[in-house]
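First comes one chain, alone, set out as structure tokens in the form predicted alone.
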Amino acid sequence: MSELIITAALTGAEVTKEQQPNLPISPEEIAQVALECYEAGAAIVHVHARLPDGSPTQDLQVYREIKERVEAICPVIFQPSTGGAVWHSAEERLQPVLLDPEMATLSTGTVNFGRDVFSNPQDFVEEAARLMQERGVKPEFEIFETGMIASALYLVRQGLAAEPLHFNFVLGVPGAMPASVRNLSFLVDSIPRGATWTVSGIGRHETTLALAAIAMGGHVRVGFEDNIYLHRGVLAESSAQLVARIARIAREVGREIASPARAREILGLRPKTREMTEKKAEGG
């Protein structure tokens, strides 16, 4: 069984300071928490940007500052969101991809988010996949419903994505696929051989599904985007505290924790060459 890749989802687009006073907001705060999560065992940091008032933003310059601050202090894989908030336009949502991160998220279908609708029409999905392909960014396919796997595989057939694929199964969002080990097992059985996967259990399901993933050979995402509690009724001090718990449990059952370098190997990330970067900077 390969080492466990832990992703720390630092902010999300919906959690507020009122709900979780320790939520990082500024680029400096987000970078500091990214460092703490790395030190606790995270190889990937999944990032939603925020404005000073705490509202979510997909602004390119805010993401640029976060990315530069994170990369200056730790070697984690920086993974921005292209989901943003439900009201962001397609153009806004794709701005972080222009920074050429190693990975970025890509949701491959429309789904209810409680009373909201997270809209991902096929035209947007293909546009996002094409942009990521052009810029050498590996998509993490965010799967909220079974059909989204079929949509991701369709991108492969259309030449808009290449194997090995990586999936993140987000379970427990109200209106989407419920969080259960049974559903997780079904999703894992539905992806191609050789693909890698992570699970994100929402709220109280975070730890339960993380334990299942550790045993099944998958990978785990934790953090304030998905869950703000350490125990029932007890707020976590930081996303790093949640990362540390998963790392400790995994080690206790004999599963080692992947470093960022090892995670890059497991995920098949391609190094970005100076020639590629310069060509993109010139508009090529």
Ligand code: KMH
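This structure is a prediction, so every number in the text was calculated from the model and none was measured. Residue positions are given as counts along the sequence shown, with the first one as 1.
One more form of this protein exists, namely the form predicted in complex with this ligand; it is left out here, but the text below deals with it.
This chain is drawn without this ligand; in the model of the complex, the residue among 172, 84, 101, 109 with a heavy atom within 4.5 Å of it is 84. Residue 118 is the only one of 197, 78, 124, 118 with a heavy atom lying within 4.5 Å of this ligand in the model of the complex.
Among heavy atoms of residue 13, some come within 4.5 Å of this ligand in the model of the complex.
Residue 113 belongs to the set of residues with a heavy atom inside 4.5 Å of this ligand in the model of the complex. Taking the partner from elsewhere, residue 105 is found to have a heavy atom lying within 4.5 Å of this ligand in the model of the complex. Residue contact check for residue 206: none of its heavy atoms lie within 4.5 Å of this ligand in the model of the complex. In plain terms, the part of the chain that comes close to this ligand in the model of the complex, with a heavy atom within 4.5 Å, is 41-49 out of 41-49, 64-72, 253-261, 236-244. Residue 225 is the only member of 190-228 with a non-hydrogen atom no more than 4.5 angstroms from this ligand in the model of the complex.
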